[in-house]
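Single chain ahead, by itself, as structure tokens, in the form predicted alone.
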């Protein structure tokens, strides 16, 4: 073979290698921009409605309130019906989650290996309710790009404990919020499909509704956020064990 052939081959390989590096860098940038959208506000307060639907179409309804500050403080408390009222979850920095059950009268810390379990019979796990910092906890690979979406494959970084072996995220190409996430369990099986309906308020994009379909048990949870308020100056004292146990 000629010298020209080897030079052409070498140049092609260098271009492909450079292209792969750019592809990976683009995926990381998309993930960062998605995080910027999800955590653009300083804090958020919401009233929450939940509709749980089983495989036979039977529905159960719940109500809750939720407070979020920054990327790592979150308090969620059920207010209705009476049998669930007072059940609360507190998410704090350094991967710390506390659960409060009024029937037991004390809080307990949720162990890392339990975070993939269902929270209070919903299709949300403890991990789902934890404030996720995707750019810190997951690596991203751009696997497809269309005019309307970036499709990212997210995998937990080394040392990160997650109930998901990977997540396929469909990110809005214009505004960079997630529209759909397909999650896979630790055995690589498709587990849940999470769909988001985003709206804009006070210059912030937020998830107005979230639809979770649990494929393993043919169960659905619809979450609706009402009376959403941003940047009200929530104090750190809200995100304490003492406040977690308040009813």
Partner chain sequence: MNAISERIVRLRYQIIIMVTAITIMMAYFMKDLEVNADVMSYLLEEDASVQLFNQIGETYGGNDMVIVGLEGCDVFTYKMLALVSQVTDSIREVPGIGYVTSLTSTMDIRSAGNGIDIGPLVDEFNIPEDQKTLDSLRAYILSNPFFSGKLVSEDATATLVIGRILPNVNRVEVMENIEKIMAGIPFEGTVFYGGVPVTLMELNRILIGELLKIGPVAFMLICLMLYAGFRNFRGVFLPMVTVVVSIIWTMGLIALLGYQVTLLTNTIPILLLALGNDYAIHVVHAVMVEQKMNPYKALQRAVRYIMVPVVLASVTTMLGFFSFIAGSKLEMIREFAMFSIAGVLFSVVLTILLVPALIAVMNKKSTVAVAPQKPNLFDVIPEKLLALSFYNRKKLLAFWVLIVLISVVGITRISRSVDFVDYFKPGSVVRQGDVVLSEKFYGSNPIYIRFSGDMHHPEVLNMMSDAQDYMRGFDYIPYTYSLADLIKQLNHAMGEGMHIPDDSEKIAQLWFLLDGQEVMEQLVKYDLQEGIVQGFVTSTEMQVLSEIETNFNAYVKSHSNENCQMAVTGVPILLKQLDENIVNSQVRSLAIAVLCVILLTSLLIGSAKSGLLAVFPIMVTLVALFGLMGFAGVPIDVATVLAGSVTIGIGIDFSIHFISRFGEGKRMRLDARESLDRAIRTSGKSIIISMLSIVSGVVMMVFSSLIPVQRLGLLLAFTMLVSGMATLTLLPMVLIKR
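Positions refer to the first chain, counted from 1. Because the structure is a prediction, the values reported are computed rather than measured.
Below, we turn to the form predicted in complex with the partner chain, even though it does not appear here.
Of the candidate stretches 60-68, 174-182, 193-201, 38-46, only 60-68 has residues whose heavy atoms lie within 4.5 Å of the partner chain in the predicted complex. The partner chain is not shown here, and in the predicted complex it never comes within 4.5 Å of any heavy atom of residue 157. Put simply, residue 52 is close to the partner chain in the predicted complex: some heavy atom of it is within 4.5 Å. None of the heavy atoms of residue 93 is located within 4.5 Å of the partner chain in the predicted complex.
Using a 4.5 angstroms limit between non-hydrogen atoms, residue 33 is distant from the partner chain in the predicted complex.
In summary, among the residues 140, 169, 75, 110, the only one with a non-hydrogen atom within 4.5 Å of the partner chain in the predicted complex is 110. Residues from 195-224 that approach the partner chain in the predicted complex with a non-hydrogen atom closer than or equal to 4.5 Å are 217, 219, in the order they occur in the chain.
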